[in-house]
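Here's a solo chain for you in C-alpha cells, the form predicted alone.
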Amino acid sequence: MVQVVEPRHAVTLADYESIADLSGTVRSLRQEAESRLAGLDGRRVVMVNSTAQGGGVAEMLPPLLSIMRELGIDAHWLVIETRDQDFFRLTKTLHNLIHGAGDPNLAATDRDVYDRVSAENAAAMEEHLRPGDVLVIHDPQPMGAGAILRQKMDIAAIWRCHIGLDKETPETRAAWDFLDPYLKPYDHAVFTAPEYIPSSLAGRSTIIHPAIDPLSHKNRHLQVHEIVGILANAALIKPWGPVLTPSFAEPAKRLQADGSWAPATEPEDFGLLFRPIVTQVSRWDRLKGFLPLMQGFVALKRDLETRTDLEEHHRRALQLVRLVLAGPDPASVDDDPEGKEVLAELCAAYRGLPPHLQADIAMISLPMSSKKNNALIVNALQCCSDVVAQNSIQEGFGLTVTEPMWKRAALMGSCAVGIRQQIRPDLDGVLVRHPEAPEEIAETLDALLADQAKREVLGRSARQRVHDNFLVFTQVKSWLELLTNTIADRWPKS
C-alpha cells in the first residue's frame, strides 16, 4: 500500500515576502524559478518517504512541496506503508549502521524481507507514476522500491539520504554493501555533507542542506502571551488566570516518580516560565545522546554541593536550573520501532535518581495527534529555554538544532557532522567534543549558564547563520538546479 499525502501548507510566498528580513530572499527565489522552469519541461516531481509525521523529513516536505507548486512545479508526496514490522526493524538497523552503530552481521533473511516489501511498495507506487516523472526517494526505507521502478519505467530517480557518518567502519560498510545493489539504478544522489558520500556514489552526488520553514508553527515568532497560552493548553504550566484558547485535546505528559505518566504540571509546576531551563527535543533514539545529557546534568547538580568558586548569581542559576528531555509519543512514529525501548531505558535511569534530582528533570512525552499543537509545544519549549541542547552521538543534520538557532537560543551541540555543518564553535553555539562524557557536558552547561551575555551573542549569530544558509528558500533553489540538471541528463534534447 502507499499513502497519497497532500502537502498542506497555508503560507504563501507573498506571506514570506511581506516580512522585512525575508523579502529579498523570496524575490531571489522567484527569479531563480523563472529561469529554471523551462528546464523542468513540465515534468512531475514525486517525493516518497516512509512516514507522514514524526522526524525531520516529514516536517520538511510540506513547505518544500508547497513552495515548488506555487512556483509552477507539479510536485507530489507519497508515503510507503507495510504491516511487516520486520521491514522497519531492518531499516532501523540500517539507519543505525550508517551512523556507525549496531551489529554489522545482517541476517541472511534480511534481504528477502527488504526485497519483498520493496516489490510490494513498487507495485503500489507504480499506480501513481507515469513516464517522464522525476522520482525522489528519501532514505533507505523506500530505496528498493524506487530502484525497481527506475529500471521498469521511463522515469528519472534521485535518492535523498538524510543520514551518514564521516568515517568508514565495519558497521557503515555492512550498510552500504547491503544497499549498493539498490543504489545502482539511481540517476543521482543527494547528501547533507560531503563526508557522508560512499565511494559507490562518488561523482554522482550533490550536497543539499535540510532547512526549516520560518513561518511554520514550530518556527514562527511567538508573543509572550502566546507562549504562556500554549504551555497552559498543553498542561506544561498551571495558568495563573483564564487562558484565551482552549486546552489541547491531548496534553503533554511527564514521567512521574512511580513510572506512570501524568500532565506535566504534576506533581508540581516545573517552572518553565521563571527558572533557567535546559531543553533537548528529539526522537527517542540512542544516537540522540539523551542518557549522557541526563547524566551530565546530574553531575552539574551534584558538584554544586561542594563548589566554593561560584559568584552568587552563578550559584543561584545552578540551584534553580532544570532539564527538559522531550520527545514524541513513540507509538505515533511508524518507522521507528526502537522508540519505546529507548524511552523505557531513559525512564529507568530517571527512576533510579534520588527524589531531589528527579524534581529537577522533566521527561516529557509530546502528543502527536495534532501536528499543529505538537509544533507549537516544541516552539514554546525552545523559546522559554536558556540553553537548547542537541547532544547527538551521531546526527545526519539535526533540524532540532536549526530550529532553536532561528529563535536566537544558546545552543550546546555535539561534534556530530550534521551539527558541525550548522554551528561554528563559539560563534553560533558551543560544541561538546565527547557527547558520551557526562563531566564534559556538565562543564559546558556550567559555562553557558554562568554567562548570559555570551548566550545572547551566540543566539544573535545563530539566527543570522540560519537566515543565510538553512531556510527553505535556499533548499528549493538547490532542488530546482538538481532537478533541471537531472532531467537534461536523463532526456537530452537532440
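Note that residue numbering begins at 1 and tracks the sequence as displayed. Note that the structure is predicted; figures quoted are calculated from it, not measured.
We do not show the form predicted together with uridine-5'-diphosphate, though everything after this point is about it.
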query: Contact test in the model of the complex: Arg283 vs uridine-5'-diphosphate, heavy atoms, 4.5 Å; finding: yes
query: Contact of Leu310 with uridine-5'-diphosphate in the model of the complex (heavy atom, 4.5 Å); finding: no
query: Thr400, heavy atom within 4.5 angstroms of uridine-5'-diphosphate in the model of the complex; finding: yes
query: Any non-hydrogen atom of Thr192 within 4.5 angstroms of uridine-5'-diphosphate in the model of the complex; finding: no
query: uridine-5'-diphosphate: the contacting residue among Val417, Val378, Cys161, Leu231 in the model of the complex [heavy atom, 4.5 Å]; finding: Val378
query: Contact residue in the model of the complex, chosen from Pro198, Pro214, Pro328, Gly144 - any heavy atom within 4.5 Å of uridine-5'-diphosphate; finding: Pro328
query: Stretch from 233-241, 254-262, 122-130, 363-371 whose residues place a heavy atom within 4.5 Å of uridine-5'-diphosphate in the model of the complex; finding: 363-371
query: Residues Lys218, Lys288 and Glu395 all lining uridine-5'-diphosphate in the model of the complex, heavy atom within 4.5 Å; finding: yes
query: Residues in 89-103 close to uridine-5'-diphosphate in the model of the complex, defined by a heavy atom within 4.5 Å, in order; finding: none
